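Only one chain is included here, represented as C-alpha cells and corresponding to the form predicted alone.
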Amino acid sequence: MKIVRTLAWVLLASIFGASAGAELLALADYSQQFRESPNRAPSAQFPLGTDDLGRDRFSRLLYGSRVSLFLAAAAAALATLIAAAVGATGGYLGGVWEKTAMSGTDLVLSLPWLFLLLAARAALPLNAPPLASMSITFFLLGLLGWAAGARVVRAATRAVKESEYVLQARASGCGPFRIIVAHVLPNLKPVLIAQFWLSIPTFILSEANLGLLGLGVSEPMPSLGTMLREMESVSRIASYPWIVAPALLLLLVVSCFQVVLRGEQRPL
C-alpha cells in the first residue's frame, strides 16, 4: 500500500508540475487556431489532435488542468478559512453563538449545494471575461463548500477548549479572541490541513460539472470541465476517441487524491 501511495504522490506532483509549466510544455497557445487543421487526429504536431476550431487539445489540456487544479486549491483554502472562522468561533464561545453558527451550517448542509451552486452561477453573467468567470466560479465553490468542514472544526474546538493550556490562558486573563487566535487555531492546524486536502478533489469535480453544463470558465480559457463538453455525444467519442483525455486525467487526479488521503487517515 505504501508503494501505491508513493506512486499517487508522484503522479499528483507530475500533473501539478506539468500544469504549472504549461508555457514550457505546450506546443501552441491554448487559444491559437490552426484553421487549416480542424478536428485533426493525433500527430507529432498535435499529440491529442485539434478541436472544431483547430486548437491544439494537448496545449488546452495543460492550461485547463492548471486552471482546474490550482484554482480548486484556492477555493479549498477559502472554504477552509470560512470553516475555521465559523467552527472555531461557535465551538469556543458556545451558547447562542454556537447555536447560530451550527444553525447556519445545518441550513447550508440541508441544501443540495451542487444545485445551489448551479443556480448561483447561472444567475451571474455568463458572458463574463475568462478571468472574471474563473474568479466567480471558484469564489462560489469556496463560499458554498465550507459547511461540512465547519462542523468538524467546531467539534475539535470544543475538545481544545477544555484543554489545560486553554484553561491556564483563560485564568491568566486572556480574552476569547486572543485565545482563539493564539491557542485554539494553532492546535486545530492538523484538522484544517485535512479539510483543505479533502476539499480539493471535491471542488475539482464541482468545476467539472459546471464546465460540462456551460456554467464554468468562459472561452477561450480552457478548464477540465469545459473540455469535457466535447464528450456529450457518444458518436463523437467513437469517431474521435482521443477527446476522452480530459476525463481520464480527471479520473486519475481524483483517484490519486483518494489514495493519498486514505493513507493520511490511517492510524499510526
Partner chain sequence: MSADGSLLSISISVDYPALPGALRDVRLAIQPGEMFGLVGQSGSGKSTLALAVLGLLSGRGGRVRGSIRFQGQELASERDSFWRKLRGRQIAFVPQSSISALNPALTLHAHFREAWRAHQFGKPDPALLRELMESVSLPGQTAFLERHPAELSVGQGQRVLIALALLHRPALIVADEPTSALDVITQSEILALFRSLNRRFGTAMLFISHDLMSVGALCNRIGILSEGELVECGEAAQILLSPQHEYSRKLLSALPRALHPADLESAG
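Positions refer to the first chain, counted from 1. All values reported here derive from a predicted model rather than from experimental measurement.
The next section is about a form of this same protein that is not shown, the form predicted in complex with its partner chain.
J.: Whether F139 contacts its partner chain in the predicted complex should be assessed with a 4.5 Å heavy atom distance threshold; does it?
T.: Contact check for F139: no, nothing within 4.5 Å of its partner chain in the predicted complex.
J.: Examine L116 and determine whether its closest non-hydrogen atom to its partner chain in the predicted complex is within 4.5 angstroms.
T.: Looking in the predicted complex, residue contacts with its partner chain do not include L116, since no heavy atom lies within 4.5 Å.
J.: Check H183 for me: does it contact its partner chain in the predicted complex (non-hydrogen atoms, 4.5 angstroms)?
T.: The answer is yes: H183 has a heavy atom within 4.5 Å of its partner chain.
J.: Can you work out whether A171 and its partner chain are in contact in the predicted complex, taking contact to mean some heavy atom pair no more than 4.5 Å apart?
T.: Although its partner chain is absent here, A171 would touch it in the predicted complex, with heavy atoms inside 4.5 Å.
J.: Could you tell me if all three of E162, P176 and N187 have a heavy atom no more than 4.5 Å from its partner chain in the predicted complex?
T.: Yes, the whole candidate spot contacts its partner chain.
J.: Select from the listed residues A194, L81, L111, L167 the one whose heavy atoms reach within 4.5 Å of its partner chain in the predicted complex.
T.: Looking at the other structure, the residue within range turns out to be L167.
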